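What follows is a pair of forms of the same protein chain, given separately as structure tokens and numbered structure 1 and structure 2.
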Structure 1
């Protein structure tokens, strides 16, 4: 199996980015940005995960088949989220006795 050798510089760069983003997370936690809190935290987490997958896990240098498998992992995650939320966000739609009203979304 031929291994692509990743230059040390890249690893250090990725490491620095991850630390930096962690600091940003900590810093942001001190400001209340309302709804944005969640989105910023998630955006940082997704960025971090992406560079870990691409560089530390070598996906960037891997075959197309590996890309297909990585892609399907995320596709399945999307299926999980979308179909679960398709229940959660539509519980208020039905006009009949609602019960459990405190849980129904606006």
Structure 2
């Protein structure tokens, strides 16, 4: 089976893009944008992860079966996050029984 040969120029461009996005992440961290800092950092991290998956893991040039497995990995990651966050956000819904006392020390 013949493999796709990626030119070195593409790898250098990807490397430069990742370095640039890292510098942008560091630069944005010095500005106080409130909650927007979190969303900007996550957007940059997702962009960098996508670039690494597509080029360094050679998924861009792979068969559809590889794309299915990559997609299923993200699907199970989403399931994990949804279940974990649903547990985390619903912990305060049921009150503690009246016989229990708080564990906070004075």
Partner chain sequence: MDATPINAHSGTPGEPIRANYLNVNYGLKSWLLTTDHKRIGILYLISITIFFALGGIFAALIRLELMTPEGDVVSSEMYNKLFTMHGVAMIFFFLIPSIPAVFGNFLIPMMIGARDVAFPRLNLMSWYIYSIGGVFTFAAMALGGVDTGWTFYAPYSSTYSNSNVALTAVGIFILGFSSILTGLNFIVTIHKMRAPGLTWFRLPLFVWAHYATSLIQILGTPVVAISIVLVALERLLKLGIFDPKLGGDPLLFQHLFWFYSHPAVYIMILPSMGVVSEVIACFSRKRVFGYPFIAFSSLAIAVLGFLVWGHHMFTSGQSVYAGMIFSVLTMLVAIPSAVKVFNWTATLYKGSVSYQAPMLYALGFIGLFTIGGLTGLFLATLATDVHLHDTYFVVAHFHYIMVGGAIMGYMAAMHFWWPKMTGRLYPEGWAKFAALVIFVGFNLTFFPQFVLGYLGMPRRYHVYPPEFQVLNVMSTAGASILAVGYIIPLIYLLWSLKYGPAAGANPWQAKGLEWTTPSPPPPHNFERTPVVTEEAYAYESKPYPEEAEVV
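Rigid core: the largest C-alpha set superposing within 1.5 Å between the two forms. Source: prediction; values computed, not measured. Residue numbers count along the first chain shown, from 1.
Here the form predicted alone appears as structure 2, and structure 1 shows the other form of the same chain. Core-superposed comparison between structure 1 and structure 2: the Cα of residue 11 travels less than 2 Å.
Once the core of the two forms is superposed, the Cα of residue 89 has moved 2.5 Å between structure 1 and structure 2.
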